[in-house]
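So this first bit is one chain, no partners, the form predicted on its own, shown in structure tokens.
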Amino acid sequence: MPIEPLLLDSPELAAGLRAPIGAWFAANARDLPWRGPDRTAWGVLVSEVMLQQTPVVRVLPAWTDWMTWWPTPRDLAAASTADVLRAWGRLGYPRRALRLQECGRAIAELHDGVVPCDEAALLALPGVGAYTAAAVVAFAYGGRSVVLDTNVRRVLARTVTGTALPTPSLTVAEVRSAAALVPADPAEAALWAASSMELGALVCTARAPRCEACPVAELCAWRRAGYPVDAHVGRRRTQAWAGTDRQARGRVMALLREALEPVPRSAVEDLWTDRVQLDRCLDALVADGLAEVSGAEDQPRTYRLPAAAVS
């Protein structure tokens, strides 16, 4: 019979789900640098921020360069914001780069340059949310935490509750259910976090799950129920790209990253035909600390990346 949420406090049922996934992970885990024996807590934190809404294949080269240039929080804190944004490149959502620099500065000033190992202290850092804090505890320090990213949520939704995908927003019941599966032993808890996440990334994928390769296919409540369709499909947002503010902002940022000198307004206007939308996006980039503007109202304006760290 399928595993029910109310039975997850059973050690036998929980172990029956965790053990095969852990064994699968030992044989199939990707060799990623932030997982290596020489990993640092800072490297793990950087990877987690970069991996938010960005695939591993795009993060790998950026993370490698980043850690070469700024291997410690103090190194990043001392960098120019322009260099940080150039290094961020096309990872998307460049405000993450600014928050990461703020985080590095806070770690340098408040924690003597050492990434905290406590979830509460991590949550107090700029740009660090519940998932990132839990991930650093588990993956950097081998501690016990409830790591719930999109991949883990999908694995638990299917194996435990029998649903195609988790609800669009994280629920209290979902967190409780996930917490019940986390082993008491810190090392085992860290392994569970990593293995369940990897299973979701490589096998229990959103669009084309490879159930034939799943180590817990026989336990999967979704499979036993006949693969019911997603009950929340109507609530899920599909984010367009062409013609959006995100696309316009991305084009502007790409131009500013490549420019060695301030970019005149005329060059920026060549990027986008809708002047109202372009003005809105330029104002937003300046407000977000991603760009600087110079020139009076009656003079041609120029744009550039911020030269100094944003406070």
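Quantities reported herein were computed from a predicted structural model and do not represent experimental measurements. In case it trips you up, residue 1 is the first one in the sequence shown, and so on.
Same protein, other form: the form predicted in complex with the DNA, not shown, and the subject of what follows.
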Out of N28, Q53, T40, T64, which one falls within 4.5 Å of the DNA in the model of the complex, going by heavy atoms? Q53
With the DNA left out of view, choose which of R86, H111, R224, R95 has a non-hydrogen atom within 4.5 angstroms of it in the model of the complex. R95
Proximity to the DNA in the model of the complex (heavy atom, within 4.5 Å), stretch among 173-181, 213-221, 75-83, 119-127: 119-127
So in the model of the complex, does R35 come within 4.5 Å of the DNA, heavy atom to heavy atom? yes
Test of understanding: in the model of the complex, would R265 fall inside 4.5 Å of the DNA by heavy atoms? no
Proximity of E188 to the DNA in the model of the complex, heavy atoms at 4.5 Å: no
Distance check, A206 to the DNA in the model of the complex, heavy atom within 4.5 Å: yes
